[in-house]
Each structure stands twice: as structure tokens, then as C-alpha cells.
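Only one chain is included here, represented as C-alpha cells and corresponding to the form predicted alone.
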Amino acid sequence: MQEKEVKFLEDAFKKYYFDHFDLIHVPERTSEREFGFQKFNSGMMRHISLKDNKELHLLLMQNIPSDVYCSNAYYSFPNLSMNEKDWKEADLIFDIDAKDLQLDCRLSHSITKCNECNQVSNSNHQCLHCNSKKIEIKSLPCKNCIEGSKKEVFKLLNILIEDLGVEKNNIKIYFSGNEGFHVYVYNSQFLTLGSRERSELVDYIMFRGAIPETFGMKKLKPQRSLFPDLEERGWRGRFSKEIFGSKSKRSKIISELISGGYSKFHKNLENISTIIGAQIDPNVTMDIHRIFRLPGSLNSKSGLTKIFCKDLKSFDPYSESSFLNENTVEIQASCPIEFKLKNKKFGPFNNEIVTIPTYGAVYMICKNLATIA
């Protein structure tokens, strides 16, 4: 990113942190957490310890970071190197991102920028201008992406509450500031779990590693009585609700499953795993030393805020997480698809100079689809 774009983004981000510091959620047990940040065109700075809001505010105003992070883990010495921190426990965090859901809409709002000639197009294979295959694919998520991510969050919530006994008031949901959601579980029985145990938890939530025997199917002489009922809890109950649908269909479908054989049953389990399980990023949940984007901070991939979702069902990230100002700026924009922020439509722009509000300009510059004119 060129110097003039960095200066513009830093000015916009600094104004946000000055005007909207009340949106930033400094987590409980602040002094036990590790903080980190990045600056535009710079690497990560981490192993930082903060005591309170004042120290965080000072860090933001002095450094004007592109991204701010905080650990889910609690340490005795958060400012020391990783092997000296003395890990105590860690909140359970889940990441659900539209890019991982393989949604059909993805191609329609993916844009290619050539690293050779900087031309932007809708091609996902090579540059249409110079035929180079050194391309960078950018996505401008649509409403369908957000709804798809929400669907997975609701599935995750159901599993956490119904299967794992997590109290609803110990769960918080945040829009990530780009394409998905972060789900935090606080004060739960899972705080002290290590990476291996969290891996097993991930397998359960994602319905991974399911075997036919769990659901009553055997290679030799399967018994009808071993198949699950709709009232059962956990995997067996979720399986029966998805496969049987109702009590009246259960007997007939069991007969069909038995006649289809063990191998076909196993294949069906694999096919329905994404329906029964919640599609989370497993690596995020298993990592007990990761630092996560700080709630209330800006996401440098979009200029949008990582914001708490009071009502997930009605939440609209492209109006409720856009807090940058309305001051207009001239940019050179190459964005071949339309997008919407704060109920205002932008684009398509064909390498043209346009005057738009700061929040729209920041969004495109962060996506590398515009420069300051």
C-alpha cells in the first residue's frame, strides 16, 4: 500500500478511535491477557500487557494500529515470551466465516486484481488484461454470505446450549468486521481445556468422525431397536431429526437404511455432517495461545468494526458496523461490482475518479480496489 493511502487510512482510523472509544470492549481480567497490534504495511507487535482502559486508549492513539488483538488466554506474565507466560486458562472462542462455507454466491462477488499490471476483473483464473496468473482474489461479501454465516452461528448456539450445557448468558456474539462472526463462551466448564481436549470438542460440534455404529447401523445384522429416536439428545437426536423428520416416517426410513447397507450409510453420514454440525474454523478454537481481534476495534480488511450483535437475526453488518465519517474524498476506483454500506450503494466503478464518503473509500482501499486520487 502506498504512503498516501496509508496516511488516509491512519487518519480515518485515528478519528474512529478518538470518537468511538466507548465501543471498544476491554475484557475482564485485563491485566492477565496478552495484547497485540499491527500497523499498516508493518508486522505484528505482541506480548503487550495492559492494565486498564486508559492504557489501551493511549496505545491506540499513539500507534494508530490497523488491527488490535487480545488473547483468549489468561496468563501470570502476559508480557513475557510464550514459554514464560505461565498459561492459566482460556475462554472458548469460535470463528465462523463465509469464505469457508462454499456458498454458491461466492463467484458472483469475487474480484481478481492482477499483481503484475494491477488490472481488476471478475475472472478467477488469470488476468484478462495481461494473462498473468499472479492474481489476488478479493471478495465483497453479500447479504447471502452474512445469512449463511448466521445460520451456522445459530446451529453452534443450539449445540452449545442444548448439548454442552453452556448458559446462554455466558455466550456473546460479535460480527468480525469482515465476513463472519466470532462466538465467545465465558465462565464455562471449558476454561481449563487444553488444545487436545478442544480438538475433541471441535469434532463434536462439527459432527466429525461419526461412525455408523453410533446410530444403530452394523455391518452384520443391524437391529432396528438400536436406531435413535427423535427425542434423544446429542448426535443421535440430531441425526434422527434430520434423517427421519417425523415419527411416522422413522420405521420406513430405517428399513431403507438397512437395505442400503453399511457403506452407503457411512457415506450418508459424511454427506450430512455439514447439516448437523456447525461449520467453524477448527484451528481457531483449538489454539489456546491465539490473540483475537479486540471487540470494538476496526478490521483493516474492510474498515468495519468488530461489533457486538444484540439481535443476531436482524443484525445488518453493513449498516450497524460502519462508523467511519461521512466526509467526502476523491478516489481512483476499480470495483466492477456493486456494494452497499450505510444503506447507500456504491459502484460498479471502472477505474474512474469518484467522490464518495470516507467510510466507502476506506472499504475499497482496504480491499485494494481504490487509491487516493
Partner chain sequence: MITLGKDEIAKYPFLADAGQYLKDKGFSLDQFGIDPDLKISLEKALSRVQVSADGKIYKSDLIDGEASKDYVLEREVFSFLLAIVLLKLTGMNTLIKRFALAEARRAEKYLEKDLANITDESKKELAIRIIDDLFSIQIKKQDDYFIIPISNYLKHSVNFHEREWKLINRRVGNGFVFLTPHETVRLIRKELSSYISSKIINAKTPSMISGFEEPVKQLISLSKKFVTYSVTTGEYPPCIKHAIEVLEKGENLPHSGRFMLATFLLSRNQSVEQIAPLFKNAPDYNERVTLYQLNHLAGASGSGTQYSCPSCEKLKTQNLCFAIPECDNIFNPLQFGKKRK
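Numbering follows the first chain given and starts at 1. As the structure is a computational prediction, the values presented were derived from the model and not from experiment.
Omitted from view is the form predicted in complex with the partner chain, to which the following refers.
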Margin query: Quick check on this chain: which one of Lys252, Arg233, His129, Lys151 has a heavy atom within 4.5 Å of the partner chain in the model of the complex?
Written below: Arg233
Notebook entry, point to check: Considering Glu197, Glu147, Glu242, Asp100, which brings a non-hydrogen atom within 4.5 Å of the partner chain in the model of the complex?
Noted result: Glu197
Margin query: I need the one stretch from 244 to 252, 185 to 193, 69 to 77, 296 to 304 whose residues put non-hydrogen atoms within 4.5 angstroms of the partner chain in the model of the complex.
Written below: 185 to 193
Check: Might Thr214 be said to contact the partner chain in the model of the complex, defining contact as any heavy atom within 4.5 Å?
Finding: yes
Note to self: Test of understanding: in the model of the complex, would Phe207 fall inside 4.5 Å of the partner chain by heavy atoms?
What the structure shows: yes
Check: Looking at the partner-bound form in the model of the complex, is Cys142 within 4.5 Å of the partner chain by any heavy atom?
Finding: no
Next item on the list: Although the partner chain is absent from this view, report whether Asp229 comes within 4.5 Å of it in the model of the complex, heavy atoms only.
Entry: no
Checklist line | the partner chain in the model of the complex - contacting residues of 239 to 273, heavy atom within 4.5 Å | finding: His266
